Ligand SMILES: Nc1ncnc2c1ncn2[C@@H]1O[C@H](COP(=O)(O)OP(=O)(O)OP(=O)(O)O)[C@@H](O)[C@H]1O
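One chain follows as structure tokens, the form predicted alone.
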């Protein structure tokens, strides 16, 4: 089985070629410079070995040692100069390759306008592997270690040639032994690596626990609930559980490693013994013997498989995974085709026609036969219990997911025919879990419409309309204050203040051309009066904009032009507030009465 695994193990040369091609694409000049300098460094080392033999021979025969000594000194000085240059070039290439791979991953993960990529656990495993979060080695580190590996292999290969010039048979035997040793070690490292990569999902969960223990964002709850020590213990136990499989596999390979090491040591010992006999008998000179023995130990590097070799293997494997990810994105992107312009839409209506939807990886059907017409330029409130499908409806409308069946049309045009990026520019949204960008306050509002981000007046107007201008005025650096205590000169704001900024972001998007406003429970941190005030202001400021409101508070919902009740993935009631409250035994009337009683009792 092990021999079969050895034969099926990927060839080193294609991996090295794959890695070097990727390094060259990241930085052609640096890659060429690294290979040239590493080659020179690798050639200088066998030259030093030969010069040492010549010097010993000159000393033994009482001849002039000035020339070999000068040559040896020159090689030593050049090597000392080239060493730091080689290392600096490797470090520079490391940074450039990491930047290149980071750009490729970001492009691959962001080019799809839907949520499929970012919510796919298998793709997240690939991203973690590419970033080196699983093995501890990124592609850039492979680029850095290429300099050491290239010069080491050059040194070892030339050393084997030196041995072959004197003992051709020894060079052949050593070559075979080195290939066996290298292949065996590579196979064993590959087996261990496969175990690590095979547990990427578990490792990501383990790292999540570790990050919870280190994060300031959750520190309040981890301290109050006494979770800090539990998180440390949980991380340790989960990490050990993963490492135990690795340790077991490593123990399994010790016999193979010991056998190869003994074979190599025996071959080298026999060769040294024969060199010693030939030297004592005068068949080879003492200088030649010294050169061959040094070359013998240097050639032993050919059977060594260590961090640089493994880093190159990982780099090549990671590069292939990035290519597969990019190809997968390109393939999936074709399903999101659509070239039609959505400028000015919707002019009349948006229709959900017999829509069915199930989240990827789930068997629960959120919608089975969902039908709804949303009139353009009016406000629609969506009411329902948790899990009824309200937020899913918004995700489908925003084309963050595609319906499993049925279709969504905008003014009679299938949503799939519209350009996804152009359609997103028509939407302004504030979700319940809206993003708190730990950037400047200005960016938090201007991100609503990057195409108009330089319009300072519009940004300030949106903040004023959302009631966020007082927040900005209290910040130490005004609009340019980073909204995080973890950043220099940063400031932390409350949950309600964050919501004001998120609302300002949505208003800025509407002012910059968005025609659909989605408010999905965005005011949970505000009191009832504050929420009612915000929604009233929003409905006034966005008059004529197609507005969709999702809220559990009926003081807000009742202000909408139209209200629909969603239950079990279907619209069960439809009308305005007065109509729905007047329906005896209706779901809306029941929920409204229950909530009103609580407030009256309070």
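Worth saying up front: this structure is predicted, and the values here are computed from it rather than measured. Residue numbers count along the first chain shown, from 1.
The form predicted together with the named molecule is left out here; the points below concern that form.
- The closest non-hydrogen atom of residue 220 lies beyond 4.5 Å of the named molecule in the model of the complex.
- The named molecule in the model of the complex is not approached by residue 175, whose heavy atoms all lie more than 4.5 angstroms from it.
- In the model of the complex, residue 364 approaches the named molecule with a heavy atom inside 4.5 Å.
- The named molecule is not shown here, and in the model of the complex it never comes within 4.5 Å of any heavy atom of residue 273.
- Contact with the named molecule in the model of the complex, defined as any heavy atom within 4.5 Å, is confined among 381 to 389, 415 to 423, 179 to 187, 453 to 461 to 381 to 389.
- The contact with the named molecule in the model of the complex, taken as any heavy atom within 4.5 Å, belongs to 359 out of 76, 359, 208, 168.
- Just one of 401, 447, 235, 479 comes within 4.5 Å of the named molecule in the model of the complex, counting any heavy atom, and that one is 401.
- Shown here without the named molecule, the chain has only 432 in 421 to 443 lying with a heavy atom within 4.5 Å of that partner in the model of the complex.
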